[in-house]
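Quick heads-up: the structure tokens below are two forms of one chain, split into structure 1 and structure 2.
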Structure 1
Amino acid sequence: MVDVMKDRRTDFGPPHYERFLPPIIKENYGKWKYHEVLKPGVMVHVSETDAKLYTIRAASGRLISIDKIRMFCDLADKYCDGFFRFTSRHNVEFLLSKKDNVNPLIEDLKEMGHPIGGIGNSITSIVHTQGWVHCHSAATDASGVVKCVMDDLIEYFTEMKLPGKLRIALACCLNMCGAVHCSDIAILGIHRRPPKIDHSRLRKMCEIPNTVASCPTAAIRPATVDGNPSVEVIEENCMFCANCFTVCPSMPLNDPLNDGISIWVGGKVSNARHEPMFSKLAIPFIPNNPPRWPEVTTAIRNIVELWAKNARKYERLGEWIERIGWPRFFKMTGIEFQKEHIDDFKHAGLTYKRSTHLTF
């Protein structure tokens, strides 16, 4: 075990990341010549000194038990001198300096139920938020939807048969704790009704000034109900963020009938070939249908397979849509254009297409 307190001058803040790097990375810092993908989920970095660092990426859940972490640690001790890491998209990566350990580690991971993949032209694990397991403002589940979508698309994780990278993200409400605004496909939970107000309990449980101040769009204002102090909601100003419920439990937003999922497409962070892009609305609403969310998995598979069939090599989803045009994207996917696709934000004019040219 690494002595994290050794040579520390203060006990504030995290220890320096260099102390957790494998020796081979420290020894070859600034000397790496190139890297290549050997097979799905396996990559090698080669140094000027001919040293080789092998990376094995395995799928992992975002929420895992202590027992699972200990199992990963045992594998790292057995094959990697104790070194492994988690990626920002919830994959687990083992860093090896011995080539002979690659295949035995892969077999042990598969036996544990963790498929290998997610490197190169493939789908990586879905980054997501808390969902029903923890978050009080969630409009849908996170772990459940992600499990169902990845079960359906697992072939695109374990193989590299897509035109380019595909990044999927899920946020369980429009506060967007996940990377949904900049992923190729985004699954976003949405509320469609303003909070319900329990006037009889509000004055006993909530501070009215704090409740009013919690709303970012000034949709809440003080009111008198049945002779008692309370609040009212201006529905057309409400953006369903659940900030009010955070400070006032008497204003719940969750609604089993009207909560659901929207699908957004075309975002990316990469600056290669095209500047970074924000995702745009594709499907305004899909009802929650746990435990397997069949409508969501079907919709996402439809988009993925159309892109895979028609995109050019290395062309990201948003780049493909931009090339063929949004009218043709809606026609090919069979997605109905609805009023929700029209951007009515007061500053939307800054982002409207001003050219008369359309691509069909």
Structure 2
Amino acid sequence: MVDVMKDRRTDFGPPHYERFLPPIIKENYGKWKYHEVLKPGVMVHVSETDAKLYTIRAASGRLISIDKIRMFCDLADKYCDGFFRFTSRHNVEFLLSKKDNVNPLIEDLKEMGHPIGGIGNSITSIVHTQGWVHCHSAATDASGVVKCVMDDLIEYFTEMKLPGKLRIALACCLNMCGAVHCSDIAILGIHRRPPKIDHSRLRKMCEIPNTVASCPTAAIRPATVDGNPSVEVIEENCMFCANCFTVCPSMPLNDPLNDGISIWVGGKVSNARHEPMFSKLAIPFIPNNPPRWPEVTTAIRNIVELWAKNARKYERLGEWIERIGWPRFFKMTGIEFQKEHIDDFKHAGLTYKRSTHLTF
């Protein structure tokens, strides 16, 4: 331990981004004039100096090995002087100043198994969380579900045949490390069984006032169990958010019989046309069915294709649903509207239909 503490630095922060910008970007920083999408996954940015920067966007699986990063490095060295970047949705992007390198690089990426696309009116990579690969509170796997959904929807990544953009995100529990709540389609892992309390360990591992305070619906109260201080859960008040489990590891909710996936639709973050909106519940529960989650991929394809077929140009999923109305959405998708769809948390009344503006 002594040697690693020698000459130790702290609070020096990340390296300055200028160290990683290719010369063409340094020269044209803040001078970009316009861009055009040339073909799926390829765009060109044109500067006021007439410089042209070609971007190639390729899918990446978020969970990648150092072997893969080194392969990306090799490609960057071969085609773009060693410079490349990642996007906010886990795609890898290569930035080229030489147009002749565009097609050879695309061929190499495809050869490596990384489809090109995700630009323009397409589905880009799914933002997601860790799932069973690395998370303690996951109600489903993340990488596996994402892989299955994107395998199924690949044509919408590699082509630009949708009315507008479609953003899918997955979070493996309500903590939503991925903040999926404003996505066109959100895949959300949910628990459905109240926490199983390990009273013997709770005493040592958890602080009771914090655990009680953690519950959004006040379903947890202090209790004496076998003469020892612990907590009890009023089970009918539990909505399975697992906030207590985050604060107190002796209250696990993970349960193979009751964990699964819910599907939410119609959210967006961009301000284009409609203001940003939250995703709304479409399908309350689909059981986990690894390794390929066929019920999830079918349900999502159904929604994507109905939207693709019926939406107007540029209309995002939520804008389309708002125009046609939710009753028609449920009718068209064949999803049964049930009790779970009706909000019963704070300010739920604001989500009730409060007019006669109905279609028949």
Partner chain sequence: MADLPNTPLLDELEKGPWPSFVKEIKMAAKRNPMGADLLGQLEQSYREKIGHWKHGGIVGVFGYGGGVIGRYSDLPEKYPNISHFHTMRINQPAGWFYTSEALRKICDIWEKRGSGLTNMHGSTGDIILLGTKTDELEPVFSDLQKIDFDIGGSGSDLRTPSCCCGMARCEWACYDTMALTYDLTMHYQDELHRPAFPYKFKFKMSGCPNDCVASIARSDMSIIGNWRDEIQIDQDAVGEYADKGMDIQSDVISNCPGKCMEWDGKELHIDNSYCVHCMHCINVMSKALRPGKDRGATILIGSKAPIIEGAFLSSVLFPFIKIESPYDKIKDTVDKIWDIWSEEGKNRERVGEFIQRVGLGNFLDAIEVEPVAEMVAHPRENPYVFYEEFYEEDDGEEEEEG
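Only the largest set of C-alpha atoms that superpose within 1.5 Å between the two forms is called the rigid core. Counting starts at 1 and follows the sequence of structure 1. As the structure is a computational prediction, the values presented were derived from the model and not from experiment.
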Given these two structures of one chain, say which is the form predicted alone. 1
Core-aligned, does residue 155 move its Cα 2 Å or more between structure 1 and structure 2? no
With both forms fitted on the core, check whether the Cα of residue 208 differs by 2 Å or more between structure 1 and structure 2. yes
Quick check: residue 105 between structure 1 and structure 2 - does its CA shift reach 2 Å or more after fitting the rigid core? no
Mind pulling the C-alpha shift for residue 247 between structure 1 and structure 2, with the rigid core superposed, in Å? 5.2
Where the rigid core has been superposed, how far does the Cα of residue 238 end up moving between structure 1 and structure 2, given in Å? 3.0
